[in-house]
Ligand code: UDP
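Shown here is one chain on its own, the form predicted alone, set out as structure tokens.
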């Protein structure tokens, strides 16, 4: 089953260099833009919500005189930098793209407006949403669930470094078993499943929005997930 409209959730760390130095790796983002273009070429509409952890993560940056709310706003600005890079790389690859943000930054991005975003999607443009939800104490995971519901997406594609959900940490336990499907209830109640934060999963569960967790860094994986192929783990 090919989905009509998908939300791709990217973490900021995935845009960073593989050497762990942070920032943005132009080579990787260029590859990512070509992978996303494959999805739109298949007639699937794409919304992207991007994090900012490659520059700053509000929850861990707060303290030592910086309020949590201030740190979270700084993290929102980091997501806008990532959104600008994604937008330009996608445009450079020939994919029309619009960057919208939930933080007022009219010189660099459109304000997020639901009907305008839907119109962009209907015209074949990718819509990158930055700035989280524009409020502190809410993660970009929660933003991805909210935006997916608001824009009528069929599924959330959660891009990760692993190929799905395991019964325990595969980096620590060689006998970890991959799960092809997990219920929302189990994903919320089981603390060892750390797909998304619990608020995001709770919202997705409440509104019956499926989530597919898959490995990002392989050719055609985004397209396979968007076309409903058996890849990663489905939470539903």
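Residue numbers count along the first chain shown, from 1. Being a predicted model, the structure only gives us computed values, none of them experimental.
Just so you know, the form predicted together with this ligand exists too; it's not on screen, but the next bit is about it.
(message) Is residue 109 part of the interface with this ligand in the model of the complex - any heavy atom within 4.5 Å?
(response) Output for residue 109 is no: heavy atoms all beyond 4.5 Å of this ligand.
(message) Contact with this ligand in the model of the complex for residue 83, defined as at least one heavy atom pair within 4.5 Å: yes or no?
(response) Because no heavy atom of residue 83 falls inside 4.5 Å of this ligand in the model of the complex, the answer is no.
(message) So, residue 188 and this ligand: in the model of the complex, are they within 4.5 Å at any heavy atom pair?
(response) Residue-level check for residue 188: no, no contact with this ligand.
(request) Verify the contact flag for residue 13: yes if a non-hydrogen atom of it lies within 4.5 Å of a non-hydrogen atom of this ligand in the model of the complex, no if not. (result) Contact check for residue 13: yes, within 4.5 Å of this ligand in the model of the complex.
(request) Identify which of 155, 121, 151, 133 has a heavy atom within 4.5 Å of this ligand in the model of the complex; exactly one of them does. (result) It is 133.
(message) Looking at 95, 139, 146, 100 here, can you tell me which has any non-hydrogen atom within 4.5 angstroms of this ligand in the model of the complex?
(response) Result of the distance check: 139.
(message) Looking at heavy atoms inside 4.5 Å, which stretch does this ligand contact in the model of the complex, given the options 164-172, 46-54, 25-33, 177-185?
(response) Correct option: 46-54.
(request) Could you list which residues of 73-92 come within 4.5 Å of this ligand in the model of the complex, counting heavy atoms only? (result) Going through 73-92 in order - heavy atoms within 4.5 Å of this ligand in the model of the complex - the hits are 75, 76, 79.
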